[in-house]
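Next up is one chain by itself, shown in C-alpha cells, the form predicted on its own.
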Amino acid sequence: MTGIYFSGTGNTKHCVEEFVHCFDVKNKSYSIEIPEIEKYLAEENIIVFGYPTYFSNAPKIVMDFIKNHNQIFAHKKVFIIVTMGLFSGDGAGCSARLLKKYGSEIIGGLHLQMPDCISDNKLLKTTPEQNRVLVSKANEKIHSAAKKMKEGNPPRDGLSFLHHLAGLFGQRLWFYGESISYKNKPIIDSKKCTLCGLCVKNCPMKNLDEKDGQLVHQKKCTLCYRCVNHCPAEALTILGKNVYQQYSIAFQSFH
C-alpha cells in the first residue's frame, strides 16, 4: 500500500499518512508534485489517493494528474480520501468516476472534516482549540475506517448515487466554473509584498514569479491556498480581500 496526495496546507497529507500507517508504519506517502511519483505508483497495487475538495469538486491539478497518468492507474485498487471544510457531497466520487474510466478498481472512500484553509473568509475561521478538536476527530475516523477496511468492509463515503446528487445540487452546479479550470489568482497586494520568495517556492503550479521587482502570477491558480497561508506579509488573497487567519498543519501552526 502506498499513499499519494495533493495537499495545500498539510491537511490531506496528514490524513493519508495516518491512514496508511494504520496498516504498516513502514508504508510511505508521496505528493503528486514530486518527479518520482510515477515510479512509486507503478510499484504498488493498492493506492490511497488523497486530496481536498473545492466546491464539491476535486481540484483541477488532481484531475489533470489522473488524466496525465491514466495508464499507471489501470488495474490498481484505489481507496480515496477527501478532506473538506464543511461539505463534500461526492468529493471522492469526482475522481472515482475518472479513475474507473481508466481501469482502476475503487475499493472505498473516506470524507474527513479538517480545519478550513480559506484564510481570507472570516466566517470560516475557527479557534486553534477547535482546529485541534477537528484533527483529533478526523484521526479517530481514520482509525475506524482502517479497521473496517481490514475487516473487508471499507467505508464508501462520496461514492453512491445519492452522494453524487448531494454534491451536484449542493454546490457543484452553483460554483461549476470555480474548480474546472485554473484561475486568474491570487490577488497580490504589491504594497505588502516583500518579495521573500516563499510563495514562488511553494506554489504547486509554478504560478508565481518575480518580474521587474514585482510579484506576478501566470493565471493558473488551482485554489490550494498554500501561498496565502504561508505569506509572512499577508500580501496574497484568493476569494476575499483580507487575510484573517493563516493555517498550516504541516508546521502545526495556528495563527
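Just so it is clear, the structure is predicted and the values come from calculations on it, not from any experiment. Each residue number is its position in the shown sequence, starting from 1.
Note that the form predicted together with a small molecule isn't included here; everything after this is about it.
- Residue-level contacts in the model of the complex: of 86, 123, 162, 74, one residue has a heavy atom within 4.5 Å of the small molecule, and it is 86.
- Only one of 54-62, 27-35, 187-195, 202-210 places residue heavy atoms within 4.5 angstroms of the small molecule in the model of the complex, namely 54-62.
- Within 4.5 Å of some heavy atom of the small molecule in the model of the complex lies at least one heavy atom of residue 115.
- Using a 4.5 angstroms threshold between heavy atoms, residue 3 stays clear of the small molecule in the model of the complex.
- Residue contact with the small molecule in the model of the complex: residue 48 places no heavy atom within 4.5 Å of it.
- Looking at residue 215, you'd find every heavy atom of it more than 4.5 angstroms from the small molecule in the model of the complex.
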